[in-house]
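Only one chain comes next, encoded as structure tokens, the form predicted on its own.
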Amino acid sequence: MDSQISIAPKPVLETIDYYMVGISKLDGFEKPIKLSSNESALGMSPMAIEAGMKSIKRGHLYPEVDTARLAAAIGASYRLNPKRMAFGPGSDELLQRIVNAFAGPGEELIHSKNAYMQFPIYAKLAGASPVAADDADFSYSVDAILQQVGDRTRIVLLANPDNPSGTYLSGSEIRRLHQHLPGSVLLIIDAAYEEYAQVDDYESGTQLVHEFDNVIVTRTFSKVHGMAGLRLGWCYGPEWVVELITKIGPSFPVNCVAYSAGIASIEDAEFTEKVLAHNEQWIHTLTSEFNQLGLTTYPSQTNFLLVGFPLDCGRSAAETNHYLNSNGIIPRQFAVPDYLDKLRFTVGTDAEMYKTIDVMQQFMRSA
């Protein structure tokens, strides 16, 4: 064996930092209030839990390769074509797979500079260059994105509604963006929070899929369906794209528990409505309470609220985060410059929200 031979990864991978997930543990607290990861406060549907428990008995067998039953359930619920769906262990994996399929060395992926922090990582893994477009106070700017489009652009990737801001692009703005993209550019819409979007001018990206051949939408069971720990995502696109994405994906894209639980969760529409009603109530209440404390809140169409700490409010985001942690509460703190004066709060249970508001009032009013 030649001791001089050594292996090395692609040089670009050295530029990738770890994606910082929200912390879930605090010293001194056995069960802290975790508001850092946009998980569903009400958990999984009871029907989904029962279906998942039954399916674990088949855990020694490979799961179904044919995802037709899951696709049919989604299609019936959302009025979509099951043949246009591909599945994977979370929408993260699907996004990475799609970017790998459509972008490579010498090509570019455009994202908004304060959008989901995995987006530029997907580009680098594919060997493509991420290009950050400016935003408009943490909302997507269609004009800024279009200014970045050039001959090397292969993908425009955005989240609608957005994470981590909670803001959204209206249907007319999404359509304006698509209208001015060359036919050779793929528009990917990460719609993980779509179910939470209650405003009249929001339009599902799946409608564009029906009209155009260069749009793909990714969805997830991690949010409104409360299945974050089971890892189940899906995408909706042109049939030829779905066939390609399926072909290059994992041999068994969905584990047996997620598969059974996913079907049951989709069919339990009553529980989904309960989750959405709970979320709408607390987004409204948190917004009102935090505004009264002199804080800035960003209008949210998700299950979380981004909160800014102006210089004149008397407390910094870092100080507030430390105080909340000392009281067993974990908001999301970001280590990137544009978010240093902000914290993000996921909607929790009623008890968790009441305590969070009470602790915030104590701290802010004592400034």
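Keep in mind it's a predicted model, so treat the numbers as computed, not measured. So that there is no doubt, residue numbering starts at 1 and follows the sequence shown.
The same protein also has a form predicted in complex with a small molecule, omitted here; what follows describes it.
> Applying a 4.5 Å heavy atom distance criterion, does R231 contact the small molecule in the predicted bound form?
Replying inline: Judged by the heavy-atom cut-off of 4.5 Å, R231 is in contact with the small molecule in the predicted bound form.
>> Although the partner isn't part of this model, could you tell me whether A159 comes within 4.5 Å of the small molecule in the predicted bound form, counting any heavy atom of the residue?
In response: Looking in the predicted bound form, residue contacts with the small molecule include A159, since a heavy atom lies within 4.5 Å.
> With the partner left out of view, is G90 within 4.5 angstroms of the small molecule in the predicted bound form by any non-hydrogen atom?
Replying inline: G90 belongs to the contact set for the small molecule.
> Does the small molecule come within 4.5 Å of any heavy atom of Y193 in the predicted bound form?
Replying inline: Yes.
>> At 4.5 Å by heavy atoms, is each residue in Y116, N163 and S222 next to the small molecule in the predicted bound form?
In response: Checked in the predicted bound form: all three residues contact the small molecule.
>> Heavy atoms within 4.5 Å of the small molecule in the predicted bound form: which stretch in 283-291, 106-114, 184-192, 209-217 meets that?
In response: Selected range: 184-192.
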